[in-house]
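Listed next as C-alpha cells is one chain, alone, in the form predicted on its own.
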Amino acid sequence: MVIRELHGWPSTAEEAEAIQDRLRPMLELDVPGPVAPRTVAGLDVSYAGDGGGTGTPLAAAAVVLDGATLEVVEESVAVGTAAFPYVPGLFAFRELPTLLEALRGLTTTPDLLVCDGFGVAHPRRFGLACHLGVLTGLPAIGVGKTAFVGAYEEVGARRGDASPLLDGGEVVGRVLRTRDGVKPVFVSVGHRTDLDTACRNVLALTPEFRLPETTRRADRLSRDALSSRGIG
C-alpha cells in the first residue's frame, strides 16, 4: 500500500485547518465506489484512560476482512501517543500518525477503508475518512455512532431504513438503520465512492450487529493491544 506524504504534522489548530483546506480539493466524491469489495479494512483507535490531551497513549488497529465471508484476512496494530490536542473537527490529527503506521504494517491493499468516524459529514467537509482516502488513494467511508454535524428526520425502525443527513441544506451523509429497532449509524463518503454504494457496503458489513464487523474487530484489536502492554 502506498501512503503519500502530503503534509507535515501541525502544531496549531490553524496549521491543521490549513492542511484540511489544502487537501480537500483532492477528494473524489460521488464517483462509483466498490460494489462488491473483495477486501475491506476497518480502522479504529483506543485510548488509555480518558483519552485526554497530547501524549496520551493509544493503539491503532487495521483489520482486513474478506468482503464476502467477513473472515479476518490480516491484522496490523501500532501503539503510539496522541499527536495533537483534542479539538473538535481536528480529531484526525490525533490519530493519523499511528493509524498510518498500522496501515503500513499490512501486506494486503484493501478495496475499501471503513473508518470509525466521518467523511464529508464534517464542519470543513474533511473528516478522518476523507484524510485517509486522500493519503492512501483508496475508497474510504466513515461510519459514526453519533452525528457530528447536521440534522435529519426520524429514521424508520427496520433494517435498511435511512434518512438524509443535512448540514446547511447540503446532503453530507445518511442516517442508516442497520438493525431493527436499534439506534442507527451515520454514514458519510470519504473518498472515491458514492453514498448509495457506501450504505450498501455498510449493510453488508452488519449482518448481526449495529456496527460494521470491520469496526468491531478493529476496536477489539486496539483494546487488546493496550491491555497486553499494561496500558489502561
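Just so you know, these numbers come straight off a predicted model, no measurement behind them. So that there is no doubt, residue numbering starts at 1 and follows the sequence shown.
Keep in mind that the form predicted together with the DNA is missing from the display, and what follows is about it.
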Okay, which stretch from 100-108, 114-122, 154-162, 133-141 lines the DNA in the predicted complex, with non-hydrogen atoms inside 4.5 Å? 114-122
With the partner absent here, would 47, 92 and 147 each sit within 4.5 Å of the DNA in the predicted complex, counting heavy atoms only? yes
Under a 4.5 Å heavy atom criterion, is residue 223 part of the interface with the DNA in the predicted complex? yes
Under the 4.5 Å heavy atom criterion, name the residues of 75-89 that approach the DNA in the predicted complex, in sequence order. 86, 88, 89
